[in-house]
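Taking the form predicted on its own, here's one chain by itself in structure tokens.
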């Protein structure tokens, strides 16, 4: 079966739908970052995105599907960052880990990173059943895990740490409460906050002895 020819009218309609989706994703990320999944409501998302509630439900039929798409979008962008870093053959693995961790923290401090769902939340259960989300999470973990192993072999991360422990700690930086605490004090720029946490975190992983 051949694909139907897209007319100028259908192209405009598709573009308008994408603009709405982009606005919804931006609103969802902001609310998930600031309020969390349980507190966020569809009414708030619609208001923040400048849409009616009916229009929002035409795009996403539930809060779970909306938040799930937001999490998938973040993983998609994260994988793009990882793949860009993989092309930098001369960059040591530990520097690649630092850069992807810095990207995650900057995204979080700018209010664009959804907070990770609680293990027993409805969103967590929905994500576990989402093949797209789980496939992207597995791919991201595998690629980061390779860098963790290389960094440990090079002595940049203590080999005494289990690799999954290092990996989980890197993920945790994307929802580190220190980011918001320091930002609220107003004494440091976003870059200064990110660099302070990066230096403390990676210095500790390098010199720790179990």
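Please read these numbers as outputs of a predicted model, since none were measured by experiment. Positions refer to the first chain, counted from 1.
Heads up, the form predicted together with the DNA isn't pictured, but that's what we're talking about next.
Among 23-31, 157-165, 53-61, 180-188, mark the stretch whose residues have heavy atoms within 4.5 Å of the DNA in the model of the complex. Selected range: 53-61.
Could you work out which of 40, 144, 170, 151 is the residue within 4.5 angstroms of the DNA in the model of the complex, going by heavy atoms? Among 40, 144, 170, 151, a heavy atom within 4.5 Å of the DNA in the model of the complex occurs only for 40.
Could you confirm whether residue 13 comes within 4.5 Å of the DNA in the model of the complex, counting heavy atoms only? It does: once the DNA is placed as it appears in the model of the complex, residue 13 has a heavy atom within 4.5 Å of it.
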